[in-house]
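Here you get one chain, nothing else, as C-alpha cells; it is the form predicted alone.
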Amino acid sequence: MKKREGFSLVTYLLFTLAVLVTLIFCVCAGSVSVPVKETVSLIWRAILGAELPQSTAKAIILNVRLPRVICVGFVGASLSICGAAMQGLLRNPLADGTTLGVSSGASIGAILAIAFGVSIPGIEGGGTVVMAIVFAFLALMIILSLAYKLDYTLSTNTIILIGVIFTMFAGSIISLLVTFAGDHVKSIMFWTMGSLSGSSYGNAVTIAAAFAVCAAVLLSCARELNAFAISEDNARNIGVNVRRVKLIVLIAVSALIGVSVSIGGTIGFVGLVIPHMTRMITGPNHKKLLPASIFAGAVFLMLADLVSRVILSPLELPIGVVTSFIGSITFVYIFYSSRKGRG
C-alpha cells in the first residue's frame, strides 16, 4: 500500500480550525473589546445577509477589524509559502521572497503609485497593486537577465548574489523617492515599515484571488522542490525540467509578493522564520511543508498584527516592527540551536 505523503483531511481541518479561532480572537480583541458571542453572531448574520442593527460593535467588527484581519491572514500565508518555496528552490535556509529583490522591486512600484497618486478608476487601491506587480515582474526580469548573462544555468548562488545587489540598489531608489515625496513622506514611511490599517474587503478579495492562483501553482511544484532539496543535478536526473520549474516558481512568488507588498507594505521575517519553524515540525517534505507554512504564516501575522494594535493602545505600531522584532530573536535562536546541534 502506497504511503501517503501529504497531510490527512483531519489535519487540514485542524489547521483550518486554528486559523478561524485566531481570526475570531483577533477580531474581538483591540482597544475596544467585543465579546466573542456577539462577534460571531455579527459575522454569521452578515454572511447570511440578515439585517443588522446599527451599533458601535457592528461598525468596529464588520467595517474595520474583519477586513483588516482577513487581509493580514492572507498576507501572512502568502509571504510564508513564498519563503518556503524559495528556500526549497535555492536550497538556502536564508532565502525568502526578499532574497531575489522582488519585494524591493514591488516596493518601488507601490511607492511610485503613492507618491504620484497613480490610480485605476473604479478599483480601490488598484494603481498601487498594479504598479507593485509590474515592478515585481520587472525586478524579476532584470535579476534573471543579469543572472543568465553571468551564468547560463541560472545557478542558485548567482541568483542570490544578483538579488542581494538589486535589493541594495532598490533601497537607494526608495530613499530617493522618499526625498522627493513631499506631503506623502509620512504615509510612505509608515507603509514601508508594514501596515494593514485601513484594509478593505476589496483588498481582501484582491489578495485572496492572487493567493488562490499563486499558492496553487507553488503547491503543484512540491514534488519538484523535494528533488531540488538534494541537488539540481538530482532533479534533472529524475526528469525535472530545472529551468522551467525555476521560472514557474519565481514568477508565482513574484506575483504573490507584489500583491502582498501593495496591500501590506514591507513586512520582514515572515517568509524567513515561519518556514524554519514549520520545518521543525513537518520535516523537509514540501508536500507537508508548503501547506503547513500557509496556515502557520496566517496565524503568526494575525497575532503580530494584534500585538501591533494593542501593545501601545491607542497608538498603533507598524506590523513590520513587530515581525522584525519577533523574527530576529527567533531566527538567532534557530541559528544558534542548529549550530549547537552540529557541534
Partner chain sequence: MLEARNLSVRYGSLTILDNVSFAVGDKQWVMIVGPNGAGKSTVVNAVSRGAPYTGQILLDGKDIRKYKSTELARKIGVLAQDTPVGYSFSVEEVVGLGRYAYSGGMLSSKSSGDAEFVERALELTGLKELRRQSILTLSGGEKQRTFLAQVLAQDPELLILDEPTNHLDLVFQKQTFALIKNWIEETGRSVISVVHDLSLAKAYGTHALLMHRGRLVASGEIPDVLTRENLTSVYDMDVHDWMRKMLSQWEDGQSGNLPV
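It should be emphasised that the depicted structure is a prediction, and the values quoted were computed from it without experimental measurement. Residue numbers count along the first chain shown, from 1.
One more form of this protein exists, namely the form predicted in complex with its partner chain; it is left out here, but the text below deals with it.
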* **Non-hydrogen atom within 4.5 Å of its partner chain in the predicted complex for each of Thr330, Ile334 and Ser337** => no
* To do: Heavy atoms, 4.5 Å, its partner chain in the predicted complex: which of 257-265, 198-206, 74-82, 90-98 makes the cut? Say which one.
  => 90-98
* Asked: Of the residues Gly239, Gly117, Gly182, Pro121, which one places a heavy atom within 4.5 Å of its partner chain in the predicted complex?
  -> Gly239
* Asked: Quick one: of Ile142, Leu161, Leu247, Ile230, which gets a non-hydrogen atom within 4.5 angstroms of its partner chain in the predicted complex?
  -> Ile230
* Contact label in the predicted complex: Gly30 to its partner chain, heavy atom within 4.5 Å -> no
* Please run the contact check for Thr192 against its partner chain in the predicted complex: heavy atoms, 4.5 angstroms, yes or no? => no
* Is there a heavy atom of Asn285 lying 4.5 Å or less from a heavy atom of its partner chain in the predicted complex? -> yes
* Taking the shortest heavy atom distance, is Ala147 within 4.5 Å of its partner chain in the predicted complex? -> no
* Structure fact -> Looking in the predicted complex, the residues of 212-230 with a heavy atom no more than 4.5 Å from its partner chain, listed in order, are Ser220, Cys221, Arg223, Glu224, Asn226, Ala227, Ala229, Ile230
